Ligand SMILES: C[S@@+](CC[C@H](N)C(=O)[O-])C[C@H]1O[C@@H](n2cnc3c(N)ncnc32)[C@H](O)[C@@H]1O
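Only one chain is shown below, in structure tokens, and it's the form predicted alone.
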């Protein structure tokens, strides 16, 4: 997905193209797919989307509506999770969504102006963990490694070594929360979960999970049909509160070198998942430079799990991942991992 630069003066055909390009990423939500298709043909709703300045605008818009819907039980019937039942989305669902979004447009705009798409899907650890294990094995490192998550949101993916994993018939690790993912294309499951010595999350605005409003926003970003995903989020939040995780606010280009310099001796794994794609090319170049500078001072590897074309995401290992060949492709919420 291209970086979002629209504003209220954006051409509606360009906004519509952005909405249509987002639809493949909503393949797991029939409701959101239907709503996006309707928005793409609706000039008034396209103006609402154009007013969302952060990226991706559709995720922010739909999250804002879902957050507001928690206050309006009468309109929850067309949101399957809030209604407690699943039903195929139809034209009536779009009309109800449209009427609600336009009636509450000022509130929607206020939410999208102050929130970011910090979905923090912990199931992404099912993709990150094998890649981190592969990167560590390639270096021949033994023992715990320091972990730094760039764009960490609330830091839920820093629970990586405190989770259990199930890849078909293969179980790996031990923890109070088990993540299930499908391995495709002959991809092998790792034999063990890497052990983390320290866990540090970098984010422009780290999410404080002790703030009920912040936790409610994370829940609002869970797609309506995903009941199990919502339960997984709540379990991860509980585990997060019992795990030592350091969250650092600021631009990772500036905070990463300081954090790395302050860590005890030992190898470092830098990772990010569905986060760095929101940066400009120049910002990504600066981050690459910062990672390389850190790698010149201590053993460092980097794992990138970021969107690519076709509604899936690539997993790459390298200090400058855009120059590296993908080692796997994966569902952006961690449902499956495929060999490439």
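Owing to the predicted nature of the structure, the values given are computational and were not obtained by experimental measurement. Numbering follows the first chain given and starts at 1.
One more form of this protein, predicted together with the named molecule, exists but is not displayed; see below.
Novice: Give me the residue from 99, 251, 231, 182 that has a heavy atom within 4.5 Å of the named molecule in the predicted bound form.
Specialist: Looking at 99, 251, 231, 182 one by one, just 251 meets the 4.5 Å heavy-atom criterion.
Novice: To verify the annotation, which of these, 256, 152, 126, 269, has a non-hydrogen atom within 4.5 Å of the named molecule in the predicted bound form?
Specialist: Of the candidates 256, 152, 126, 269, 152 is the one lying within 4.5 Å of the named molecule in the predicted bound form.
Novice: Of 259-267, 111-119, 238-246, 172-180, which is the one stretch near the named molecule in the predicted bound form, taking non-hydrogen atoms within 4.5 angstroms as near?
Specialist: Heavy-atom contact with the partner occurs in 111-119.
Novice: With the partner left out of view, is residue 313 within 4.5 angstroms of the named molecule in the predicted bound form by any non-hydrogen atom?
Specialist: No, residue 313 sits far enough from the named molecule in the predicted bound form that none of its heavy atoms falls within 4.5 Å.
Novice: Within a 4.5 Å heavy atom cut-off, is residue 275 in contact with the named molecule in the predicted bound form?
Specialist: Judged by the heavy-atom cut-off of 4.5 Å, residue 275 is in contact with the named molecule in the predicted bound form.
Novice: Would residue 95 count as a contact of the named molecule in the predicted bound form, using a 4.5 angstroms cut-off between non-hydrogen atoms?
Specialist: Residue 95: no contact with the named molecule in the predicted bound form.
Novice: Heavy atoms within 4.5 Å of the named molecule in the predicted bound form: does residue 69 have any?
Specialist: Contact with the named molecule, no.
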